[in-house]
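Quick setup: one chain, the form predicted alone, written in structure tokens, and binding and motion questions come after.
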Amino acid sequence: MKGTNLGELQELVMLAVGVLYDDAYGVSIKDEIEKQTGRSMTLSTVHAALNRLEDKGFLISRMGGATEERGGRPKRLFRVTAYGKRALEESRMMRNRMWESIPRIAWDNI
């Protein structure tokens, strides 16, 4: 799994990009994470994660069309790459494997 490790924030950002599919841009990603997790974060935190994930090849971006809603500015839209999908799948498998490895007695004694 070396090279595809994701931090929690990176994983949340990538999952939000996947959920939003063709409408994943900074504000919508931030809003989706807040809606799904109840955690607030700054837009700059989301943008920093997006830039890191794109640098690693987990995401790609393109410029969308300009809209009047945004004062004529285009949105930078993101999508998960095949490499990013693999990283998410590996993260999910690792978490599931660890959850399934916890012996029942560990939960019974809490």
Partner chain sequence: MIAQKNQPPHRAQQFLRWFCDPELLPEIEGDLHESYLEWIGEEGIKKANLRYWMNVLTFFRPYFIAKRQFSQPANSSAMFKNYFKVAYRNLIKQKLYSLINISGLMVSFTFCILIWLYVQDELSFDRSYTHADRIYRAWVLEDYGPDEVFFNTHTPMPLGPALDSNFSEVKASVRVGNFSSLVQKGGDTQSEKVFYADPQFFQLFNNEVLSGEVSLSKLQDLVLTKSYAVKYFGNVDPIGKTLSIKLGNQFQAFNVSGVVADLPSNVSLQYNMLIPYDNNKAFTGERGRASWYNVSVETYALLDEQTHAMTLEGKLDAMVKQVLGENYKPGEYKVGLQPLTDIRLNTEFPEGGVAVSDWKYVYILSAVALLILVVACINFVTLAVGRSLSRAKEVGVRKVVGAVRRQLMSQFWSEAFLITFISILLGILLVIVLLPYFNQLAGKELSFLISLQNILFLLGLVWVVGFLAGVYPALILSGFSPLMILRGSMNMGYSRETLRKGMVAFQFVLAAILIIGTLVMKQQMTYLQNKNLGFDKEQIVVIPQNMQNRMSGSTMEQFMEENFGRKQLIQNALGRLPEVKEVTTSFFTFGQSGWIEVGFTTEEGTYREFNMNAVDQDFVKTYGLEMLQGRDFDEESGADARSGVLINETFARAFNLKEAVGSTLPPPFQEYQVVGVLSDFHYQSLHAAIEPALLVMNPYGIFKGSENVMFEDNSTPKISVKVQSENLAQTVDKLKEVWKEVAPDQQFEFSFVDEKLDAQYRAEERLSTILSITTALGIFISCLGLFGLVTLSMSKKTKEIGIRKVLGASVWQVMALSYKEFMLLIGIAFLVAVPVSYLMMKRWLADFAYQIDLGAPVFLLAGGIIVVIASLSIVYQSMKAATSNPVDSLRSE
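What you are looking at is a predicted structure, and each value in this text was computed from that prediction instead of being measured. Numbering follows the first chain given and starts at 1.
Separately, the form predicted in complex with its partner chain exists; it is not shown, and the next lines address it.
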Report task. Flag this candidate site as yes only if 18, 36 and 85 all have a heavy atom within 4.5 Å of its partner chain in the predicted bound form; otherwise mark no. Result -> no
Query raised in the report: How about residue 73: is it within 4.5 Å of its partner chain in the predicted bound form, going by heavy atoms?
Result: yes
Query raised in the report: Do residue 27 and its partner chain share at least one heavy atom pair within 4.5 Å in the predicted bound form?
Result: yes
Query raised in the report: Looking in the predicted bound form, any heavy atom of residue 47 within 4.5 Å of its partner chain?
Result: yes
Query raised in the report: Do residue 60 and its partner chain come within 4.5 Å of each other in the predicted bound form, heavy atoms counted?
Result: no
Report summary line: Contacts from 46 to 72 to its partner chain in the predicted bound form (any heavy atom within 4.5 Å), listed N to C, are 47, 48, 51, 52, 55, 68, 69, 70, 71
